[in-house]
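To begin, one chain is listed below as structure tokens, in the form predicted on its own.
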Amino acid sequence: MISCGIIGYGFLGRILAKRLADYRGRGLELRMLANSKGYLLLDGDVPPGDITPLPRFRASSPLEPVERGLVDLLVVLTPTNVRTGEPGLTYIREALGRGVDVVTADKGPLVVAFRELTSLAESMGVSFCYEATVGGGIPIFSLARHSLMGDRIISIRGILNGTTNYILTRMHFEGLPLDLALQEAQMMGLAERDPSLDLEGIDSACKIVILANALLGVDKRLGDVKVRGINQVTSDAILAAKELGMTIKLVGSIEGDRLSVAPRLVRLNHPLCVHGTLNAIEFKLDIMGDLTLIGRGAGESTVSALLSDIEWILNRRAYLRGGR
């Protein structure tokens, strides 16, 4: 039986825990839940959906069960810190170093130490999966690595932040000024109280860094991205674009060695022109040409990406056992 632990028992962690209750028949058992206050070991007899564990958390490091060898697969759902990658970076680094497979939705560690973590996983012979870090449930990395193996990615463009896309959508269709569209997004829970990482384009830039490093084999950092957010986008600019049959979107781009995030004019009939909180990513490929993926970029759809990574690890473990 594979023992699984989750660090980060918030919105995503709770949904994932309920889903994993059905995995015992697949040989996976949820054994640990953890947050910033500590951790809880599960006995396997209590369905995760029935757990209200906060009062029962052991006040200790979430890494303690990993250090004791009680976890084979660790899911890291910690809040993102794009400057230091912590606390997720330490959790991931320690788990991989102890031969534990890791799945994460935390962008910070990959932005700060992508090459270190992927090299560590390779040297230890374990899996390090991060489908959920970019595009929510859109299967970006799995598609590129498996279905597009025979082709070459020339460039990547994407609308990768649902908060800014919602704001720009409201500005385009309803004529709202940016500040009112932002207030609406905050009231709906789509924007944080401090929305600076979204509005300034930093969140999109982080995702561009991950895409470049993971799919193009480079070693880029956040400082390598030329970033301009939507703070200066006005209602007049949106109206002018509208009169041309276009709109303004916050677009992240990878063109050769150049990484950028900025508001761009996009034609209303272009596949990349998605509205609301949708994300879209466009690959320009050597053989196939243009390929665009569209889907929900945040929220519960992210659990689909987490489960996809977990399924991949289960299948890989089964294959390795069979190979022996």
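We call the rigid core whatever largest set of C-alpha positions still superposes within 1.5 Å between the two forms. A residue's number is simply how far along the shown sequence it sits, counting from 1. Keep in mind the model is a prediction, meaning the values are calculated, not measured.
Quick note: we don't show the form predicted together with a small molecule, though the next part is all about it.
A.B. asks: I'd like to know whether residue 163 contacts the small molecule in the predicted bound form, with contact meaning heavy atoms within 4.5 angstroms.
C.D. replies: Within the cut-off, so yes.
A.B. asks: Although the small molecule is absent from this view, report whether residue 297 comes within 4.5 Å of it in the predicted bound form, heavy atoms only.
C.D. replies: Residue 297: contacts the small molecule in the predicted bound form.
A.B. asks: Is residue 191 close enough to the small molecule in the predicted bound form to count, meaning some heavy atom within 4.5 Å?
C.D. replies: Residue 191: contacts the small molecule in the predicted bound form.
A.B. asks: Taking the small molecule as it sits in the predicted bound form, is residue 157 in contact with it (heavy atom to heavy atom, 4.5 Å or less)?
C.D. replies: Answer no; every heavy atom of residue 157 is more than 4.5 Å from the small molecule in the predicted bound form.
A.B. asks: I need to confirm a contact call. Of 131, 106, 203, 101, which residue comes within 4.5 Å of the small molecule in the predicted bound form, counting heavy atoms only?
C.D. replies: Of the listed residues, the single hit is 203.
A.B. asks: Select, from the options 243 to 251, 223 to 231, 195 to 203, 123 to 131, the stretch whose residues sit within 4.5 angstroms of the small molecule in the predicted bound form by heavy atom distance.
C.D. replies: Correct option: 195 to 203.
A.B. asks: State yes or no: after fitting on the rigid core, is the Cα displacement of residue 174 between the shown form and the other one at least 2 Å?
C.D. replies: Not so; residue 174 is displaced by less than 2 Å.
A.B. asks: With both forms fitted on the core, check whether the Cα of residue 219 differs by 2 Å or more between the shown form and the other one.
C.D. replies: Superposed on the core, residue 219 moves its C-alpha less than 2 Å between the shown form and the other one.
A.B. asks: With both forms fitted on the core, give yes or no for whether the Cα of residue 194 moves by 2 angstroms or more between the shown form and the other one.
C.D. replies: Yes, its C-alpha moves 2 Å or more.
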